[in-house]
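Read the single chain below, which is given as structure tokens and is the form predicted alone.
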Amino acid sequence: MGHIIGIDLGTTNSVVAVLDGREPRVLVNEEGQRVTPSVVTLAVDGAPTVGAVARRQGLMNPARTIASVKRVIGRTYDDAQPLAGRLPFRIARTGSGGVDVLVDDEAVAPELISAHVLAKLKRAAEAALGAGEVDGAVITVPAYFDDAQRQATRRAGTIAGLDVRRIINEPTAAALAFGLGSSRDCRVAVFDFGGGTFDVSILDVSPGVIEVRSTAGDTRLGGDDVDQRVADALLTQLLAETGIDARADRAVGQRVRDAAERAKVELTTVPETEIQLPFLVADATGPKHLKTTLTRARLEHMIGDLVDRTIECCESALRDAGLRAAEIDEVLLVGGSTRIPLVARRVAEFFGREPNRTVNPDEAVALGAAVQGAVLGGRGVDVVLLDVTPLSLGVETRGGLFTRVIERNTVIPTSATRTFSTVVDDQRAISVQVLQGERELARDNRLLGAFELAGLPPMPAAAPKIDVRFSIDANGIVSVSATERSTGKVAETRLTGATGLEADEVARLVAEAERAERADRERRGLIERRNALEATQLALERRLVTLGDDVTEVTLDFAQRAVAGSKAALGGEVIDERRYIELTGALLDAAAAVEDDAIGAAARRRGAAPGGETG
């Protein structure tokens, strides 16, 4: 029976885990690292480089390197616009009003960028477990992701070749990791401050049962915003000292953001750090450098309002749960940004207790997703998970109002029905505009999709009875139907996001990803063959130097011809499997002959014949 892996697809970093026996464990990637940077560099031919290597390439090739794409996945272009100035890439509007990422000037779907990250994690799991042992995946999303963002994440998994069994909320996953070994009832607040989003969830954790009572959050708040505050200060200092405004220079911006992030990380353990950026810009008088000292106190002053926003979300979640901060038994810190001392201090002050630090903030979400994967895979884990929908769902009604059908923080899976009618005599059709949000006017909420119920019988206004039914599955994904009672006529939709990729586009990207994966395997095989051939050749050359005159002229000529053939191939020809076997065989045959000569020479020096007889 295969495994269902758990994946934390993060804004800054991503992690993959699996349940091993009774305990979840993190799987290392191809570089042997537990955490994979969510960074992708696309070559001109579209070939992706993912992770730490891509992150390093970002300094030299910022136009083709994409980081933090999770901040725009599933969003509309208008919704993403407030983030545009804080993103390390440019965005463009799609024909349906969604967002594409610009790589140079080529438009790329955010789902495809995320799919490259997911594919790398899938390969890591297959390397650890065996390719046939990965049956599916549980992927986590911020609790405050709306339906369109969840759908987009699922599409990214599909493009990566994953069977996405469940989408679950990140704070809930962290609580699963915490609650797996819990033997007592407790009330838990999960404070999840990641790279691009913030969530807080209030949960009741009991042995075998985890129930989410409420959730709140901000999908425009994360560690990237902390980095940007520092970067803005550095660019302002550069302008003051040199008169050069480099804010529009992407290469400079990437170097400055990278330095800002390093400084933030260093200030978690030291009171001050020095930032040095030599040869950052230049003018007619020569190159200009940036050097400054950043103290923890100054950083905390810069980001105080951001931390305040997280506490406001905590207040909202507690109100929705009907609780006071003093009634929380445990506070879990999740996400890399919770390592900032100011964040941990404010959380402790608000809840009146020190946070629980038994769960690794970088790995807790993936570990919890692995637990949920084991539950879905029937691997003997007895945990019931009761999650909630983070935002209200409803329809637009007369006057442009938003009428709720399912209230936020309702336990999922769930369904609810509300009855509506027509507004004019003999109305033959109604348009159902499906919305998600908390504003009173429809235009201020997120349009998830629309469909039409046509063919209504002619009746006076308000006479038809039309039942609109919303259903939310365990992934938080929405289906809506409308039924006219007298005729039984039904129209329905399973929402895919008003600005999402169409099914044929997803299929095209899946096919491209499969072709790219085959090409990647071929490239990897070519590189491995070349490396192995070169290693065999170099070993033979070193042995020839070591043995010197012990090698006969005939054997030396044989070995030199084998080495020359290898060098010629490594110099440019494509080394297919057949050619590799041929060249490697020649080198190994030569190496065997060299060793025979060495044995014979050693025997002669001992005064013995090669056959072992005494002379």
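No experiment lies behind these values; they were computed from the predicted model shown. From 1 onward, residues are counted along the sequence shown.
The same protein also has a form predicted together with a small molecule, omitted here; what follows describes it.
- Only one of G336, G179, G157, G394 lies close to the small molecule in the model of the complex, with a heavy atom inside 4.5 Å, and it is G336.
- Between the small molecule and the residues G223, G373, P142, G74, the one pair within 4.5 Å by heavy atoms in the model of the complex involves G223.
- In summary, the region of this chain contacting the small molecule in the model of the complex, judged by heavy atoms within 4.5 Å and restricted to 85 to 93, 319 to 327, 476 to 484, 337 to 345, corresponds to 337 to 345.
- Contact annotation for V265: at least one heavy atom lies within 4.5 Å of the small molecule in the model of the complex.
- Although the partner is absent here, E300 lies well away from the small molecule in the model of the complex, with no heavy atom inside 4.5 Å.
- The small molecule is not shown here, and in the model of the complex it never comes within 4.5 Å of any heavy atom of P171.
- Contact annotation: P110 falls outside 4.5 Å of the small molecule in the model of the complex, judged by heavy atom distances.
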